[in-house]
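Below, in structure tokens: the form predicted on its own, a single chain.
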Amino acid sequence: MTNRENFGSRAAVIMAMAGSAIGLGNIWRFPFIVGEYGGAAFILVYIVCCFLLSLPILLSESIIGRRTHQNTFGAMSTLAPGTHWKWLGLLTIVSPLIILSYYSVVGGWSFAYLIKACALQFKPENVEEVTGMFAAFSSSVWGPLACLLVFLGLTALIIFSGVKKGIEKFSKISMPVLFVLIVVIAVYSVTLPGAMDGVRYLVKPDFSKLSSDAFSAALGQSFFSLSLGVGTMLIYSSYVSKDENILVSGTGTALFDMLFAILAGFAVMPAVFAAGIAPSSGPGLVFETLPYIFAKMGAGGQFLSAAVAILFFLTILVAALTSSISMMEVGVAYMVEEKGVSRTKATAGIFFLTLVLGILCSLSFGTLSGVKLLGNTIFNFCDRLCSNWLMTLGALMFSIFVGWKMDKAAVRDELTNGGTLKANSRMFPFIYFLIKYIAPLTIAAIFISGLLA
């Protein structure tokens, strides 16, 4: 087996794992999901779900990764040799590469809109054109493909540099910057005329709007926000030293991810209310609605609105990159450790593989829009395949493996660092109960409801 790098400190571990979790879903998905399900009441349910469901799954992946210090396939082969559990390892190599392919299309859009913001294209005099800008751009050929290439290239460049010089260095710089940017945007957003209605929407619960769909959506958002079930947390945990407290780093990751999502809500929703736009406008909030808002702001000061637009789309781009590097690393680690390929060749191979599928996903908004897979465009098929099936199945299997297949003593040993962490030892019965019973039963319910939907 090759000599493996480790993250250098607890801060590096939390920054890298939080970076994997914090991505486009926090910025564009969380605000419109909150808008669809009633605001503050949904946020409270979401917070509960983060700690009772998502954190146990994150810890399950962390236990497997840190226990073996191997890639997803190698980890399952080591802990359950000669069994079918190795297929879970392969599943969690394929899943993130599919996700990366279509995720990079959206990452490319964020790069394109950052360029548009820098070029001052969101002007008050062409405010009506701004809302149609996204449809025209996404359905074209060469612009989105060029941006896809740039985004994937940046991701590959970071991965090529390795764990310490690439992933750790980028995460330690980007995560503080990301939080500063989103706080600046949130502060500006809440100062807009009429923004207080948006603030009240986020802090005043209306439990009458909660439904079974809202609970399911909260579970799904907390689950997918942390990039669970696809091996990214497992592979990052495999670079964590035996001295690290994985309960602390895991909890820190969940807290950072949750905090960022809530900050994103305060960055987006007050501006939406200030502009008089319905909070349930859907996924178009980022690339259609918000540029419109920036253009309208320009009537009161072009420089200020342009600066806010640049900051916002820079935030989206950085958030997208922190997640994309974790997805690419899963495949690269497998190629390096299981196939003996150099990191350079492995990175290049994964880059071209995801680029090909990414091109098909990008063209599905225009040239290939008529190509359907089970009634879906190529982009939507990949998204639904991973979001509704592969990620949920992966997380379910990880929780079952740790709760029912692994020896309980081994799980305790890993979570308590051989019994040296007394606080973890006291909390172990409760955490193990969540991993063994609550997490798999809840995820199974979500999975079955998705099949019946």
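Sequential numbering from 1, following the sequence displayed. As the structure is a computational prediction, the values presented were derived from the model and not from experiment.
Only in words, not in the display: the form predicted together with 4-fluoro-L-phenylalanine, which the text now covers.
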For this session: Establish, in the predicted bound form, whether Val190, Phe266 and Phe312 all lie within 4.5 Å of 4-fluoro-L-phenylalanine, using non-hydrogen atoms for the distance.
Result: no
Exercise. Should Ala21 be classed as touching 4-fluoro-L-phenylalanine in the predicted bound form when contacts are defined as heavy atoms within 4.5 Å?
Worked result: yes
Exercise. Does 4-fluoro-L-phenylalanine get within 4.5 angstroms of any non-hydrogen atom of Val34 in the predicted bound form?
Worked result: no
Exercise. Would Ser326 count as a contact of 4-fluoro-L-phenylalanine in the predicted bound form, using a 4.5 angstroms cut-off between non-hydrogen atoms?
Worked result: yes
Exercise. Quick one: is Ser227 in contact with 4-fluoro-L-phenylalanine in the predicted bound form, heavy atoms, 4.5 Å cut-off?
Worked result: yes
For this session: Please name which of the stretches 340-348, 77-85, 176-184, 97-105 has residues with heavy atoms lying within 4.5 Å of 4-fluoro-L-phenylalanine in the predicted bound form.
Result: 97-105
Exercise. Which of these residues, Ile57, Ile64, Met391, Cys50, gets a heavy atom within 4.5 Å of 4-fluoro-L-phenylalanine in the predicted bound form?
Worked result: Met391
Seminar exercise, completed: Checked Ser305, Ser110, Thr155, Thr232 for heavy atoms within 4.5 Å of 4-fluoro-L-phenylalanine in the predicted bound form; positive is Thr232
